[in-house]
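Next up is one chain by itself, shown in structure tokens, the form predicted on its own.
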Amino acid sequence: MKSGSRLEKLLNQGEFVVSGEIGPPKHANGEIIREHARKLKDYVDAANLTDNQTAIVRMSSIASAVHVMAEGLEPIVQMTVRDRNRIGIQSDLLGAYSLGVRNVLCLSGDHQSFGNHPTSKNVHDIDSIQLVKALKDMRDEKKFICGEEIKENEPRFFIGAVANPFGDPFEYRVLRLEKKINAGADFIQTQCIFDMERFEKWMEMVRERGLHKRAKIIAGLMPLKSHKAARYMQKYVSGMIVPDEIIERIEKADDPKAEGVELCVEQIKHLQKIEGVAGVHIMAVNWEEIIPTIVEKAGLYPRPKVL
């Protein structure tokens, strides 16, 4: 065991894991986080706490993780390099570990122009691959980025990174994934998948390089509420491919939300058949309460126990 987290143990057992996502609020009341955690804890194996997603100021992912743990749900803390230099990042990681956090997902972070402080400065002292390497060195080498020894209680995280199978140039997407795994990523969460054919081609390249045996690939999914949301992602979200047939299916449905749930369930069942996919990550943006329904309909409830 690298961290001893529930997520790590279930993946090592060969279970098809389910993770969810909770977006912290734009205020200081943690009860909304706890409410989501209570609803999700029996239906997901761990939950991401996003780190100021879309560059909008929100409750910190680490503080949100404490609320989640208080309700009996295991957190995955997101950590971006956008907002912190290497001193702040390592300090926050030590603090998170001391509070009980065992899973960390390393990201670049959305550009500040998307958020509510567009004139703020991006930091990017290190990049997301260097962040993965820093976590691995803190854990396995007991060293800070500067090379100084961590003399006791090194933070032993289960290290995650993200991958986008849909960005261009397509042939380089697996090479970037391999860099993150070489740096020390233990698990990978992907961008939302709507183009299943392209994702399968990406997974073929992943298997050709044996990367699915070196890190656990968790496929990202987003249940759609409406065809307008799907069309917006198709047009304006970089690195996202939403086929026209999916948009048309949601648009023609009598109940678009129900159709979005059915589509997500179908995607999960398809992904379960793809060699190298170790689980799914359900990103129900501002719709966290639908995750239990999706998990049940997909036949993934009850969740497995750690042996």
Partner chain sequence: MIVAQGKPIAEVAKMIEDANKILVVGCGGCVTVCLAGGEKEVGVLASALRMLRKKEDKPLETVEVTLSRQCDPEYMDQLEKYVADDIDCIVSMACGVGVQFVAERFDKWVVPALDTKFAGGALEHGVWGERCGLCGECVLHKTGGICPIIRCSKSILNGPCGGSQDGKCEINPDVDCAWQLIYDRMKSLGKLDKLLEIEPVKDWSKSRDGGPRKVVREDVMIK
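Given the structure is predicted, the values throughout are model-derived calculations rather than measurements. Positions refer to the first chain, counted from 1.
Only in words, not in the display: the form predicted in complex with its partner chain, which the text now covers.
- Interface membership of Gly167, defined by any non-hydrogen atom within 4.5 Å of its partner chain in the predicted complex, is confirmed.
- Taking the partner from elsewhere, Glu152 is found to have every heavy atom lying beyond 4.5 Å of its partner chain in the predicted complex.
- Contact check for Arg173: a heavy atom falls within 4.5 Å of its partner chain in the predicted complex.
- Its partner chain in the predicted complex comes within 4.5 Å of a heavy atom belonging to His124.
- The candidate site formed by Thr80, Arg156 and Met203 is entirely out of contact with its partner chain in the predicted complex, as no residue has a non-hydrogen atom within 4.5 angstroms of it.
- With the partner omitted here, the residue from Ile129, Met196, Leu94, Leu221 that has a non-hydrogen atom within 4.5 angstroms of its partner chain in the predicted complex is Ile129.
- Only one of the listed residues (Met240, Ala278, Ile274, Met69) places a non-hydrogen atom within 4.5 angstroms of its partner chain in the predicted complex, and that residue is Met240.
- For its partner chain in the predicted complex, the listed stretch (69-77, 211-219, 98-106, 180-188) containing residues with heavy atoms inside 4.5 Å is 180-188.
- Residues from 25-49 do not approach its partner chain in the predicted complex: none has a non-hydrogen atom within 4.5 Å of it.
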